[in-house]
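Form predicted on its own, single chain, as structure tokens, below.
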């Protein structure tokens, strides 16, 4: 099982149906498609999943404000036809467009001859993000590779970096629980302290992503221990973005060996009716 994978609906390199085929080839029984700020790829993935006998969980990777800047949270069991959820995601995607345009403007002011149309060509109609800007720079021979693009231009603190306008975690939790979804905080690494996770639980957090390519065995064990002690569930996933093969922060699909019972527990804990976030 893999509860964190991406497709061309956001910054993955393969269409949702091909993601499903790769999951089947990896011997998986279920995946969660968790593209950034969109559920657009879920219907195609679900259809492919029915053909291949693979369960597809409708998911999304949200960005929210955090003390250090930005935090990612994974929503699960999300419907692809909720007006309230889609309105929220449309707002998030609009900010992605604003951000990408401003990055291009900053690059042009530096003398880097990149057009916004090059970025759109990389996004292929999906939710646009920094990886698309980086890929456009590489394709136009303005950077050696994606890492070079981030190191010189797009990473935090670099000259073309632009902050997102981020919702608060409470707002994300309210939207997700409002459609009977569940919420797990993603790849926290050393930031997953007990005090911080207790605060997020109070604001609506359901689970912690303990198994992730960026988590070494000690981090996995510590996060799992904290989750158990404060009553949070656990999730895990590869954060797979497709081809080419990933590096240290993205794994190959199915690589995290997530137990099937983790999904069972997450599903059993779903709200029976829309919930309000505790005040």
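As the structure is a prediction and not an experimental result, all values here were calculated from the model. Positions refer to the first chain, counted from 1.
Below, we refer to the form predicted in complex with a small molecule, which is not included among the displayed structures.
A.B. asks: Can you say which of 108 to 116, 93 to 101, 172 to 180, 189 to 197 gets within 4.5 Å of the small molecule in the model of the complex, counting heavy atoms only?
C.D. replies: Stretch with heavy atoms near the partner: 93 to 101.
A.B. asks: Go through 85, 146, 142, 120 and name the one with a heavy atom inside 4.5 Å of the small molecule in the model of the complex.
C.D. replies: Here the answer is residue option 146.
A.B. asks: In the model of the complex, which of the listed residues (204, 126, 75, 131) lies with a heavy atom within 4.5 Å of the small molecule?
C.D. replies: Contact residue from the list: 131.
A.B. asks: Is residue 241 part of the interface with the small molecule in the model of the complex - any heavy atom within 4.5 Å?
C.D. replies: Residue 241: yes, in contact with the small molecule in the model of the complex.
A.B. asks: Look up in the model of the complex whether residue 250 has a non-hydrogen atom within 4.5 angstroms of the small molecule, and give yes or no.
C.D. replies: Yes, contact at 4.5 Å.
A.B. asks: May I ask you to state whether residue 152 is within 4.5 Å of the small molecule in the model of the complex, using heavy atom distances?
C.D. replies: Residue 152: no contact with the small molecule in the model of the complex.
A.B. asks: For residue 215, is any heavy atom within 4.5 Å of the small molecule in the model of the complex, or not?
C.D. replies: The answer is no: residue 215 has no heavy atom within 4.5 Å of the small molecule.
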